[in-house]
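As structure tokens, one chain now follows by itself in the form predicted on its own.
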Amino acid sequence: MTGARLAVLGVGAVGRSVVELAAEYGHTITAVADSSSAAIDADGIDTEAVLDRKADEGVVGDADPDDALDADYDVLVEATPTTLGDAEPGFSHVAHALNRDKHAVLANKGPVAERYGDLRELEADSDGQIRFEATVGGAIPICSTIDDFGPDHITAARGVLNGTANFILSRMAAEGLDYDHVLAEAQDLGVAEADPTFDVEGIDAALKFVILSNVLADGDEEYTLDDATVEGITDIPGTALELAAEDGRTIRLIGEATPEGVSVGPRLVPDDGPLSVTGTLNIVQLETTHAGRLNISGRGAGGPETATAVLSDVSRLTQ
């Protein structure tokens, strides 16, 4: 198949970018839905008109959002906001696609982190498949690298997978500023959300390392957020970064997925080492059985960046 028909659920930064970029990858958007409306056309929607209407009127079309689930598509793109626990409504969206023997590509971390086993069971009973590169590290090809090596040949993953926390720690270290000051700066720049809890308390990074643990376990075990040990960065004083610098080190929010479990928390790392990435950059280190340590770094967030991961998954499923 040279090009796929896509139904995109969610029109935030990632969903919007998928809609904008799909044609560059040879794909056609046949349905787009936000929380209150949908635009559907089996021959392909006018993506520019739909996004303009969303910007002007707050809706993408006149159809019911649930109708998008029954549209003509080859791949469902699940890009609604991440939710915890039952991971709804994202989980049910993916389940609906798989029950129709359609593929699903997720940018929504919730279903993959919280209900991984359920997803794989649904996939096993379907002619459709799931992929979720975009849930971990934005544009960085982490899941596909594990897939290429084989989970049995990777013993652990660690790294920096939250750009907001990393920006804050980088600025605190570089400018000698305190946490509250840098957080306000990050919010002004749009790097941090108005409610930054998910990022600064380590929850976002933990979800990503839970997903990596599930991928590495390859069905032998299942992990959820409840299995992770999580500590954020809100209590780190500027003096701690100053003391670390005197010793040639700095502090980063480091996650780990190992056979012992999942953990996320502030860690001391060498100031000139690979884990001391600055700004909003992300990095993951994969420990392999025969090829040593792999360092994979890049932009871990952003609409177009994450959309490239979504569209790469679409291509893998439909080529």
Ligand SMILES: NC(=O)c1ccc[n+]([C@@H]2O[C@H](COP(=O)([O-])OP(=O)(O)OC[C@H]3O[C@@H](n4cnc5c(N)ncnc54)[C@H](OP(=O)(O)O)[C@@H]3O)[C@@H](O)[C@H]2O)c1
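Numbering starts at 1 and follows the sequence shown. This is a predicted model, so every value here is computed, not measured.
Only in words, not in the display: the form predicted in complex with the ligand, which the text now covers.
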Pocket open vs blocked [the ligand transferred in the model of the complex by site C-alpha superposition; 2.4 Å, backbone or C-beta, 3 atoms]: open
Proximity to the ligand in the model of the complex (heavy atom, within 4.5 Å), stretch among 238-246, 214-222, 154-162, 88-96: 88-96
4.5 Å heavy atom contact, Val50 and the ligand in the model of the complex: no
Thr80: touches the ligand in the model of the complex, heavy atom cutoff 4.5 angstroms: yes
Interface membership of Val14, the ligand in the model of the complex, 4.5 Å heavy atom rule: yes
Contact test in the model of the complex: Thr289 vs the ligand, heavy atoms, 4.5 Å: no
Selected contact from Ala228, Ala134, Ala173, Leu183, since only one has a non-hydrogen atom within 4.5 angstroms of the ligand in the model of the complex: Ala134
Val284, Ala33, Ala257, Val264 - the one with a heavy atom within 4.5 Å of the ligand in the model of the complex: Ala33
Candidate site Ile45, His103 and Thr318: all three near the ligand in the model of the complex by heavy atom within 4.5 Å: no
Residues within stretch 41-59 having a non-hydrogen atom within 4.5 Å of the ligand in the model of the complex: Lys54
